[in-house]
Structure formats: structure tokens, C-alpha cells
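The form predicted on its own is given below as one chain in C-alpha cells.
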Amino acid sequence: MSDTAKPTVGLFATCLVDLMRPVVGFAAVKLLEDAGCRVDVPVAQTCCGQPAYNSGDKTDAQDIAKSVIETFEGFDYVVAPSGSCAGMIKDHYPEAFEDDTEWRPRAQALAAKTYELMSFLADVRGVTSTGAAFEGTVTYHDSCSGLRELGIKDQPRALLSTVSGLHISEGKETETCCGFGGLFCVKYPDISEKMVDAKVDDIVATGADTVLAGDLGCLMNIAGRLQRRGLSIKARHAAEVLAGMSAAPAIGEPADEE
């Protein structure tokens, strides 16, 4: 298939991936290109506006959303390696412009073609295997936004089940919040700490050596608590494993010295 015949995907890289974990972005590009897409990562992209929206700052959230809409509306699809950011664009952009006759249709159009990475690969492109290999036992954490806003649960597990050498050990509390919740962990740190401790306890009980998820915010929160408790369980974005990029240091680990 020629490049011009391939569907165009605008990768919404997310703030956390851009600033904290670029390998997730590279993994997403590889997975999308292997799935037959032509991928662009617009340099003009910024935050999705969720922090402002969640804190009640509707004016700034709308301004940010307008910039995202203008940047991405020319693509066939918009894909984010984050249920949180994809959920913001898909579910909350139309809400943010519910009284705006000019911007609401544009927000709805963008929402209709926006997907989280795992669901896009499995549900839209029909990917059943990425040909990756990973030696170890993993457990999967379902992020609140991905699970409850976008219905993402089976897709990452189906893809991961085909990874050579990988064994999935499910926890009893896979669908329970990790306590991050964006601004929640800042406003209610004591409650957040108890929630992430409960999540870590559940992860430890699975016997897994690695915890995977599709949202970097959750993973950074979990990885930080694992390290503060002196546990050796590693945290990675599922895209890293599916793209065969798990040689990179795990989340929170120092980069290799050259």
C-alpha cells in the first residue's frame, strides 16, 4: 500500500509522554506504522486541557481545546497513548462547547475520530498480534478514564496475550483507581497515598515482576510508590512491550550511562 493510500493518524503524544517518557511515543509510532498507518506528530500540539477543565477553568480549557481541534482536524484519525487524554478529547470537548454553535460541531467531529492507542489498534485496525517478545510475568492496571470513559479492557489483554514469553497474572483489583486522578492526588494526598498502597498490595499479590497500563500518569504514580516501598516490580506502558521496546529503563529508573 502506498503512503497516500494509508489512513493518516495524528499522534496526540500527551504532556507526560513528551516530557517524562518519550519512548512511549516512539513505541506508539512504530505500532501505528506497523498497522498500516501514516503517522504525523504535529509540533504545534500542547496539553489536551484536562487540568484546566477539571479545575473549573472553562475559558482556558476551551482555548486549549480550540488549538487541539485546529491542529488535528485534518487527519483521518487522532490517536493518543492515554485513555485520559483520549477521553478528554472524545467525551469532554463536545461538553466544553455545548453552547457554542461554531465550535461544538468541530469538537464533535474530532471526538468521533479520536481513539486511545490500544483500542485503535484492536478495534479499528484489527491488529491481533504485534510479533513482540517479552520474558516475564506481568499484571495489567485498568486506568479509570480508559476503562470507564472509553470501554478499554479486553483490547490490551488480547494484544499482550500474543507476546512471546509473556504471562499475564490478573489482580483482584485491576479496575480499582490507583489514586492518581490528575489533580486528585494534589488535593487529597493522604487519600491518594492509601489508594496507591492498596493498588501496590494487589500488584504484589499477583506475583508479577512488571505492571503494565495504558496511562502514564497511573504508571508514574504506581512506580513511585513501588520504589518508595523498596519493591523491585517494574512499571511500563503496554505500548513499550507491544512494540518490542522494553529494553529501555523502566519508569522511574535512571537512564543508562553512555
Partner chain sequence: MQPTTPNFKQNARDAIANDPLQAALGKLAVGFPMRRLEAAARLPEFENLRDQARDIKTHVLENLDYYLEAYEQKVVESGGHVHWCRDAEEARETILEICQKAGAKTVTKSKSMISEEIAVNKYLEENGIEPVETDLGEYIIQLRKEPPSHIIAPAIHLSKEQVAETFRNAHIDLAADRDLDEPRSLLEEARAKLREKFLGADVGLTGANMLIAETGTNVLVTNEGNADLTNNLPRVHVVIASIEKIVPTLEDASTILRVLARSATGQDISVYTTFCTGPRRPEDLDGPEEYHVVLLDNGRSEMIGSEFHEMLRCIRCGACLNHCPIYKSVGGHAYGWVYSGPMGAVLIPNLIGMEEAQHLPNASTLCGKCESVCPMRIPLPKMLRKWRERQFRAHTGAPSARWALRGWAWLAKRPGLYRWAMNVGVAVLGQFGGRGRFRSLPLASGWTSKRDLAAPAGDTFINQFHKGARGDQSGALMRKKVH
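What you are looking at is a predicted structure, and each value in this text was computed from that prediction instead of being measured. Residue numbers count along the first chain shown, from 1.
A second form of this protein, the form predicted together with the partner chain, is not displayed here; the remarks below concern that form.
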item: Heavy atom within 4.5 Å of the partner chain in the predicted complex - residue from 60, 70, 201, 209; value: 60
item: 4.5 angstroms heavy atom contact with the partner chain in the predicted complex for residue 124; value: yes
item: Residue 179: touches the partner chain in the predicted complex, heavy atom cutoff 4.5 angstroms; value: yes
item: In the predicted complex, residue 136 touching the partner chain (heavy atom, 4.5 Å); value: no
item: Any non-hydrogen atom of residue 213 within 4.5 angstroms of the partner chain in the predicted complex; value: no
item: Non-hydrogen atom within 4.5 Å of the partner chain in the predicted complex for each of 80, 94 and 239; value: no
item: Stretch 182 to 200: residues contacting the partner chain in the predicted complex, 4.5 Å heavy atom cut-off; value: 183, 184, 185, 186, 187, 188, 189, 190, 191, 192, 193, 194, 195
